[in-house]
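In the form predicted on its own, a lone chain appears below as structure tokens.
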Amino acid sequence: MAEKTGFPTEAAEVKHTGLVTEATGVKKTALVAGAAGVIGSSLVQYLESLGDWKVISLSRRGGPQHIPVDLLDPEDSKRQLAHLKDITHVFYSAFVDKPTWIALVPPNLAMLTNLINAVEPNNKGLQHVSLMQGYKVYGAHYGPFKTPARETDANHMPPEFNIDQQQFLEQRQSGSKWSWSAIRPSVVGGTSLGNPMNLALVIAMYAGISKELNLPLRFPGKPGAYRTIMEMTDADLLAKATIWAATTPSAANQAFNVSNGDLFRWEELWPKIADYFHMETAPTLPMPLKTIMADKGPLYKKMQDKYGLAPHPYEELSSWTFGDFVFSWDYDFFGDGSKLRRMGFHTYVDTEKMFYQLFDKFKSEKVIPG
């Protein structure tokens, strides 16, 4: 939800995975835009685990079997995606960052528009377009907003690219055979590295460095944020809900809030996180992580050598700006997820356990000391 979030580039690339064979009986082909992010990567993994999907993933990262696509360039988008003929589902979670809210609108709307323009004419079997949004739709990034936020809440004053993207799909879908869905997660928890919206990684890195300095795990946000009501969305749960909405006829052409299903306050959860890392706590102290963690790269490099951690660049592992944004919310931040469950999706995740599992994963991947 932070202003500085998403992919810091305007290029995307296509990766082909899960090749279709007659033996597998695959009949659905997913095109995933934004596949390298904390949301998109979990979505790709879940689709591939189902066994009946062919997956074509788009991301900003290069490498073998990737076709570069600049989604901001309509001609390049058409040229590079022209060979795709069997797309049945588009899952869109790509994002390009800009310094202001109003500047976010043109490029993010253009990328979605260019992708649909490139895919729709050549894929007559297109069934569904899934749009990943967030609580910006409710104005959560501006300050205290109505909680619980509901899908029926009125839009707020523009600019807001999430709303513009949904309106584009609504207008484009009119009279078409395909349907759309708008998926609205809260703050997402996942294991994707190099992504500036991964709060669990922010906490893990902050805890690891604090422990190395023999410091307690002190909540660095506003005192009011320590006490307000929060919620999270597990990336794997989000992937399941996204596929459910895209393949359930009764869910067509609707928006859905997606969250773990429980609520928490940092004042209750933070000491438990400290216990997980075998650390003490201390009174809250508003400390901008972007400032106090800016010089910790050399220390982390020493930790990599000392503990045999993976050689990830410090700058790519965590977004202190995003952490500052979340820890500044001194107002309640949660939505009403009952619509999704009333319509048949009943999966939920215990947020406390989610954090522990993510931290375990970061340890096993040698991002933080075990």
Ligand SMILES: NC(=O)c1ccc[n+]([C@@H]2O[C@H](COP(=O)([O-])OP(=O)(O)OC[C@H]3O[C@@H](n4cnc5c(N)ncnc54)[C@H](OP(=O)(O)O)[C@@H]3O)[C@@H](O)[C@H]2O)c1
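Numbering starts at 1 and runs along the sequence shown. Quantities reported herein were computed from a predicted structural model and do not represent experimental measurements.
Not pictured, yet referred to below: the form predicted together with the named molecule.
For the residues 95, 138, 180, 256, the 4.5 Å heavy atom test against the named molecule in the predicted bound form is passed only by 95.
With the partner omitted from this view, the residue of 132, 90, 81, 202 that lies near the named molecule in the predicted bound form is 132 [heavy atom within 4.5 Å]. Contact annotation: the named molecule lies within 4.5 Å of heavy atoms from the stretch 187-195 in the predicted bound form, the single such stretch among 187-195, 213-221, 285-293, 151-159. Contact check for residue 324: no non-hydrogen atom falls within 4.5 Å of the named molecule in the predicted bound form. Using a 4.5 angstroms threshold between heavy atoms, residue 163 stays clear of the named molecule in the predicted bound form. Under a 4.5 angstroms non-hydrogen atom cutoff, the named molecule in the predicted bound form lacks residue 43 among its neighbouring residues. With a 4.5 Å cutoff on heavy atoms, residue 39 counts as touching the named molecule in the predicted bound form.
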